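This document opens with one chain alone, in structure tokens, the form predicted on its own.
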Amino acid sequence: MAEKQHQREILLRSASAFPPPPGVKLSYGTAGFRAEGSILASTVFRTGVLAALRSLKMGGATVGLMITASHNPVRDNGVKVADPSGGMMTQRWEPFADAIANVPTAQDLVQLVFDFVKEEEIPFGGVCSAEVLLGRDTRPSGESLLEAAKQGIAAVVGAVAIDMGVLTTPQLHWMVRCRNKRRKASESDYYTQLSSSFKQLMDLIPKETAISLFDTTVLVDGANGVGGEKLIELKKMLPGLEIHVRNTGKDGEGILNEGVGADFVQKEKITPHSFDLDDAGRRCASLDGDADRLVYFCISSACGRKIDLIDGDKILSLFALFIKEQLTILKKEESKGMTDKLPSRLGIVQTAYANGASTDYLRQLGLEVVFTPTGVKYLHEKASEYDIGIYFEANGHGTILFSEQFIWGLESLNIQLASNSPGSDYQKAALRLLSASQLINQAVGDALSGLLLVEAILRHIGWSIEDWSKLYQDLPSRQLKVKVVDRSVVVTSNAETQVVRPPGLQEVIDAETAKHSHGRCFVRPSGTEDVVRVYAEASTQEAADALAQSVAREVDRFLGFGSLH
């Protein structure tokens, strides 16, 4: 009883120093909490409390807390929690995150926490210990918000905060995952694992492509964020690959995410700052502000600032092509009865925003493609159901998940092949998959590990960026949004591709879509504002525009108030 009273007093005293800003209500989504950095101290303090409680709930396992606003403008900041798996915080705790961020007083906060602790049966008041790893990106507001997070964690008796310094978001997630697997988890360990697995893949490149004239240079836009400076460190350990990083944000040159970065390049489809026609034909890539998104692009000498964009859909397709090739090689060995059968169900996970041409291409390869609602948390969860699950959003966020069972089977298979087929194509395929599982960040989308895997696969196949770009031709698309009085009126099903309510709207969408060749259209309510988003595809840009406009008008007629964007 005395321990709980002591805990109550500490929490009340600490929370009183971080009053919430009046009139501000925040919601914890896929990206955690985000707002202007100047008003986030209370939210970050309270998220520190939440992170400590999460660690206690998980038996003292390490949890992560990252301070970043990713691709948002530099004035913004945010905070999110990484679960012990290294993935995003469980969705089941999101309502508590919303509640703890928005309770008006310190007294209300303490009562909410104690009620939640009782409901969740969390050992509280110094009974057990908790550990939270902290990271932040390069935003000016990050340092003060880090202190707020530390205060929140310290307000939970028995909780310890470990400041890992300035990091990319994926680095922090990777560290949490490794620490809970009892593996080395420092930043230098991260660089060592990525560089060594990249070298292994490079050593396994087929002789016929290894001698081809391949441009070893890639130009990288660092978004004036943390990813650029980390890539400069990593590239020192990568012989055979020339990485030229631009937009590093060093010495005050350039502003974070302003006219640069993966989000800008993917949405605007033009070159970021520091890239021009002199780079025409070169392989270019762009990170976002916290380096969890990656897109590639190529500048055409005839198009000024326009680019050929290679987005997350084509990165996914490249990864799928490579993984399928290695599995096919291994299955040939299995068919001879020379090795044990490897559990190797490969699944591709997309959202409805994936370009229809990419889905068609993947299915033509004979791959299983499934859809989830929009949001990385849904994609990641679905991908984890496969032996190998690959997911990407068009914005460049995604990864590959390898099940523990698959990795164990692959390691066992490699031992068998080393005995009966050393140096064979079969053993090389097994080693490539093992190396890929070490190179890719399985905790979360990671632009740095993704970039290295792309570079290794392009070298393996012997493709230029033009070859990759021609993998398939994207269908023209258009996105619009319609302001509505209440977005909750729209209810969807089937991974947000079908409208269930209001009655009759889906029939109207189907009728409009049927008017266009290769037409596809869906609407979904925004997760953050009272708008309904409209996505349309068709065989021409004019048709895609017309389909989006006609459906937007119908949505407005059903439930809007005359405002299309």
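C-alpha atoms forming the largest set that superposes within 1.5 Å between two forms make up the rigid core. What you are looking at is a predicted structure, and each value in this text was computed from that prediction instead of being measured. Start at 1 and count along the sequence shown; that's the residue number.
FYI, the form predicted together with a small molecule isn't displayed, but the following is about it.
For the residues Y353, Y191, Y378, F116, the 4.5 Å heavy atom test against the small molecule in the model of the complex is passed only by Y353.
Just one of Q364, T328, Q479, S493 comes within 4.5 Å of the small molecule in the model of the complex, counting any heavy atom, and that one is Q479. Contact annotation: T374 falls within 4.5 Å of the small molecule in the model of the complex, judged by heavy atom distances. Taking the partner from the other structure, the small molecule in the model of the complex has a heavy atom within 4.5 Å of a heavy atom of R293.
The closest heavy atom approach of R177 to the small molecule in the model of the complex falls outside 4.5 Å.
Interface residue remark: G59 is not counted as part of the site for the small molecule in the model of the complex, having no heavy atom within 4.5 Å. Only one of 418-426, 97-105, 438-446, 392-400 lies within 4.5 Å of the small molecule in the model of the complex by heavy atoms, and it is 392-400. Once you line up the core between this form and the one not shown, the Cα of Y28 stays within less than 2 Å of where it was.
Relative to the superposed core, I67 shifts its CA atom by less than 2 Å between this form and the one not shown. Superposition on the rigid core between this form and the one not shown places the CA atom of V534 2 Å or more away from its counterpart.
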